[in-house]
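We begin with a single chain expressed as structure tokens, specifically the form predicted alone.
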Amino acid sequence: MNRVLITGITGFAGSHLADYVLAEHPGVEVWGTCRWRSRRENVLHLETKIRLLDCDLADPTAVKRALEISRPEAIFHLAAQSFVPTSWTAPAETFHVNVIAQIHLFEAIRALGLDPVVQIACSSEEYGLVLPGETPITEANPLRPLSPYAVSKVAQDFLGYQYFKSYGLRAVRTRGFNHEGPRRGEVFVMSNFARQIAAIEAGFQEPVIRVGNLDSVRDFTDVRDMVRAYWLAAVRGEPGEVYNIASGRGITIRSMLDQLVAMSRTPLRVETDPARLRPSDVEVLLGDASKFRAATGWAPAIELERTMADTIEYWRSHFAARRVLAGV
């Protein structure tokens, strides 16, 4: 692959994928789509190394133009509305961003006669209600989505399969379990807790961490391991197939929080915030990635403790910069 296109390149996973490709595959041209209003601080360090295309995937004309300019040999489709709680308040917008935009991408590929590998970043949230005895979750597990976001990812997943069968689109679907690390948006659980700790340390928040449901079990992978998996999915994955990407280790949100709190430099307490509780929650997401490992040789290399430490340091740097700007 000499040219790749990353949709949502300015986002969390997109920026880390760009870092990975440039570092590990220096001969590859990296193109990326972003909306004009997207925050670009995640890729400022890459601005001379990547080629950005202003493109709202909701606009089919803009999508076709972006593909016509970049003509990629691989597309990593990462752009999405990815925050589960937002899907409850904006379900139609979530479907438009996640599903309709993907249709625009697929139709532009067909219209231009391109033949890229398309890695589709699906989600473990598709599994939803996991019954006793169904963990660790394999790709054959029934999908019982419990949020509008999860339903939208099921649609993206199955559209990839349908376009593969109907038109030969070389779609490889990856169901990524939770991934965290530096640059993660502050609304996501590990990053949110880490941000609150850093804010408390810097004096920007009272010494109270506000939390939601702490009893859910999640399977966390470092984002830097996750994007390496995305690359391997495109290079070694079988078009038409779906693969779980997971560490295979489950941890309760409570235990993860306890480890983060232990890294705090100041005393604090934890309080439940009813506003952070969801209408329905997925209780257990623990993945079996053996199919993906067999196909690609991938294995996670970064321990969860480093992921948490790096995330706290990211937010400490953020608040240190805020203190400088405030003249503190």
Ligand code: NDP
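Since the model is a prediction, treat every value here as computed from it, not as a measurement. In this text, residue numbers run from 1 along the sequence as written.
One more form of this protein should be noted, the form predicted together with the ligand, which is absent from this view; the next part is about it.
Between the ligand and the residues Gln196, Thr135, Asn141, Asn178, the one pair within 4.5 Å by heavy atoms in the predicted bound form involves Asn178.
Comparing 162 to 170, 209 to 217, 75 to 83, 109 to 117 against the ligand in the predicted bound form, the single stretch with non-hydrogen atoms within 4.5 angstroms of it is 75 to 83.
Looking at Asp288, you'd find every heavy atom of it more than 4.5 angstroms from the ligand in the predicted bound form. Ser38 belongs to the set of residues with a heavy atom inside 4.5 Å of the ligand in the predicted bound form. Put simply, Ala13 is close to the ligand in the predicted bound form: some heavy atom of it is within 4.5 Å. Contact check for Met263: no non-hydrogen atom falls within 4.5 Å of the ligand in the predicted bound form. In the predicted bound form, the ligand lies within 4.5 angstroms of at least one heavy atom of each of the following residues of 138 to 176: Tyr149, Lys153, Gly176, in sequence order.
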